[in-house]
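Here are two versions of the same chain, shown separately as structure tokens and labelled structure 1 and structure 2.
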Structure 1
């Protein structure tokens, strides 16, 4: 297959390149000037996909690292780094705010681009690492030194393909392939088709990619190991889940079987509430939505807490005797979060067997009989009593467990716990589906059609 028309769409054109380069240059100049003027021993450097030339058209994130000498104290580095970021934004004119990764940084919007100002140490090798962000400098150098010019297109194709089949990005929500990992994969397999063929034909969990022959791959236990060429103690694919690795393999096989340009754009979902409800009805299960206000925390934290809470909720329900066929969650990352729970067994018998002791030890049995008297009966040689079940259906159990005095039994993040308890609503899917935003419909469609995104 020819990729010309794909590249035409995803590769930044002259104008975009010029604009981004000019903006980056201007920012760096301002920063370095500011540093000099204020006697701050920092040097601004462009890193990330813009520096490497591997950004997808329209998706340039300008990452500026402010390199400080190794002898700078962490406190001074943070303080002066953040100062430079804010001052630069003020000078050029834009809006900035502080964020946290492994340490704080400033992010701003300038001329329509998102700019990150990240203070770091000016290290020459991974042995000098003081914080996780420092490594980025080395990544940049490594890619610039090793990635051939004509491989940049291959990186772009791979990133775009991965993005379209929903495997791109190492954030919690995706658990997929980071941009740097894409670049290393191109270095390993030469080009886009090389990566896809290898994934389709050869990949298995336990695969080790070790470009610099550092021989530390065995140390890692993740499904895919890609030893960081600049740091033998780091697996670049650490965030990749088995699920996403498998999905990429299947998408690669699907593409190889039938290469199509469609694979370079997200697959559209055309659906409507009626058709979704019809599918749910056909499943002959009971499906509910728990909607609540998403807490105001960064997406990575939010998704991690949603995942944890989903697991905790499902476990509690199953422990109580209900049968959950499938569960998932969704958030618009703003004001709405949703759990979906599909039940095979939604309502329970009115009574629950409660097992007592065997009859042979009279001391034990008498305690049991004092409590339950003539309600107790024998099952073989063991006492048992049928007690009224506290929760006639999963709805009453969920109401119980989400109440203020009980929600601490649910293992979940702190912020989600509070919002969930205060704002939750439980509805049958058909009661609320027509009030839902499009994102929810798409989520429900994918819940019903898993792996829709892997085929074209």
Structure 2
């Protein structure tokens, strides 16, 4: 298949390259001038996909690292790094906010671009690592030295393909492939089609990619292992989930069998409340939504807490006798979060069978009969008693477990717990779907059609 028309759409043109490069150069000049003027031992440098030329058109997030000498204390690195970031934003004209990775950094909006100002240590090898972000400098050098000019287009094709099949991005929300991992895959398999052919035909959990033959792959347990060429103790694919690895394999097989340009564009969702509700009714299940205010925490922390809470909530429901077919969550990362719970069994009969000991163990038998007396009866040679279910339906249990005095029984993050108990609402899906915003409707569509993005 020819990819010229695809590359024309996804590759930054001359104007975009010049604009981004000019802005990055301007920022670096201002930062270095500020550092010199204030006697701060830091040097600004451009890193990431913009520095490597591997960014998709319209998606240039400019990463500027502020390199400090190794003898700089962490406290000084943080304070002076943040100072330089904020002062640069003020001087150029824009706005910024503090964020947190392994340590604080500043993100600014300048001339329409998102700029990250990240303080780090100036290291020459991974043995000098003092913070997790330090190795990014080494990543930059490695890719610039090893990725051939004609392979940049192959990286762009791979990134766009992964993005279109929803496998791109190493953040918790996605659990997919990082940009650096895409670049390493092209180095391993030469080009875009080489990666897809390998994934379609050869990939299985336990695969180890070790470009520099560092021989440390066996120490990692993730589904895909790609030993970081600049740090033998790191798996570049650590964030990749088994699900996203499997989805990429299936999408690669589908594309290999029937190559189409459509695989380089996101499928549009055409839906409305009526069609979604109709599909839910056809399933003949019960679907409940728990809505609440999303806590004001970084996205990765928010999604991790939502996942933890979903698992805990589902387990509690199953332990109480309810059958949960599927569960998931969604958030706009601002003021709304939702748990969705689809039940096969959401209402329970009056009584449940509670099994006791066999009659041959008289010690245990006597304890059982002391507790239940003449209500107990025999099923073969085993004592049984019928007890009422504590909660007659899923609503009753959810109201119990989310109550102020009981929510501590639910394993969840502190911020999620606080907002849940203060702001939660429980509704049948048909009670609220007409008021749902587009983002929620798209989420519900994907909940009902979980494979929609893999096929064209």
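Heads up, when I say rigid core I mean the largest set of C-alphas that superpose within 1.5 Å between the two forms. Numbering follows the first chain given and starts at 1. All values reported here derive from a predicted model rather than from experimental measurement.
Working note: structure 1 is the copy from the form predicted together with another copy of the chain; the remaining copy is not. Each of 91, 129, 202, 348 but one sits over 12 positions from any hinge; the one at the hinge between the rigid parts between structures 1 and 2 is 348. Of the two rigid parts that make up the chain, the smaller rotates 12° against the larger between structures 1 and 2. On the core-superposed pair, the CA position of residue 382 changes by 5.3 Å between structures 1 and 2. Superposing the rigid core and comparing between structures 1 and 2 gives a CA shift of 3.4 Å at residue 352.
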